[in-house]
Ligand code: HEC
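One chain is shown next in structure tokens, namely the form predicted on its own.
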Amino acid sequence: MTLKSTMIGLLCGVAVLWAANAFAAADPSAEPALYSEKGDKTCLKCHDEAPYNSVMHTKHGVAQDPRPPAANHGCESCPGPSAAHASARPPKGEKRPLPAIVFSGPGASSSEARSEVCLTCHKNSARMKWNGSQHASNEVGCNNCHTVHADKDPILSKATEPEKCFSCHSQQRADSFQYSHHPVREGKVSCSDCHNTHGSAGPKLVKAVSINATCYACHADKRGPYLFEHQPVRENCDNCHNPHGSPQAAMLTERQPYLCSSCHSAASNQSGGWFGGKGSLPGGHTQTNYMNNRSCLNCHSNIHGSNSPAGEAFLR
């Protein structure tokens, strides 16, 4: 056993004791809560089937490691001391007293209390921004997404993670069925490849400090720097793309040439465009090309930026 693992075990032990006494601290006159004398054996007398006993097959159930619950107070490491709950014999029709922290059901504790139990051990760099994040602010607790007792937590698998996210994010679920989409449903990309669901310094919980920086992690060829930069591209990829799915090619928010015309028209600026009159294209063939559904990208193919000396118009 290394010094590092010993120190981590001690810190987790302190965290467990803190959680155990949190309820008593709220009422100084209350007697200290007690743990079950026989530990897990007491809990498993009633909770002896899946999904409760499945936790023994996870990292939380490894007693040889000093860090997980199994090496501390077992089943009571998370809900707190539960001797009163386990030993109570209430009259018929009445319920047993609940542990300090209840993770599900009608008497569930607040999302903040439930998450605080998990964060006593799991508050590393990836979860340091949880407090104040969009999920925490909307009363989402850790166990709303994570299934601790499962042999394999579904949200930790690329194949099953999206369905968990889609249970709340219905619009993104609908977009994933569009003709053009990231291969999320195919199991090649997951929501957490782009989003840090535990909190982020960027918008919309993206993993980097901006949407563009997140996109560049995969689309490095669009990063630049370019001699000639396309302003809306450099500002935000979402100006032209819907990353969750679109009925248009390349996940564009609108079909060509209408997308370009939303900026490049006589009504919005002096650059010309599909709605800018016959001078929009050499030879005055604007209407013919428009009726034939021609795309601006046929000529302006380097639309993300160009390093060509003649690339001011992003021509190929």
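Everything quoted here is computed from the prediction, not taken from an experiment. In this text, residue numbers run from 1 along the sequence as written.
Note that the form predicted in complex with heme C (HEC) isn't included here; everything after this is about it.
Peer 1: Going by a heavy atom distance of 4.5 Å, is Ser200 a contact of heme C (HEC) in the model of the complex?
Peer 2: No.
Peer 1: Taking heavy atoms only, is Ser110 within 4.5 angstroms of heme C (HEC) in the model of the complex?
Peer 2: Ser110: no contact with heme C (HEC) in the model of the complex.
Peer 1: Quick one: is Lys129 in contact with heme C (HEC) in the model of the complex, heavy atoms, 4.5 Å cut-off?
Peer 2: Result no; Lys129 lies far from heme C (HEC) in the model of the complex.
Peer 1: Heavy atoms within 4.5 Å of heme C (HEC) in the model of the complex: does Ala63 have any?
Peer 2: Close contact is absent here: in the model of the complex, Ala63 is far from heme C (HEC), nothing within 4.5 Å, heavy atoms only.
Peer 1: Heavy atom within 4.5 Å of heme C (HEC) in the model of the complex: which residues of 131-154 meet that condition, in order?
Peer 2: Stretch hits, in order: Gln134, His135, Asn138, Val140, Gly141, Cys142, Asn144, Cys145, His146, Val148, Asp153.
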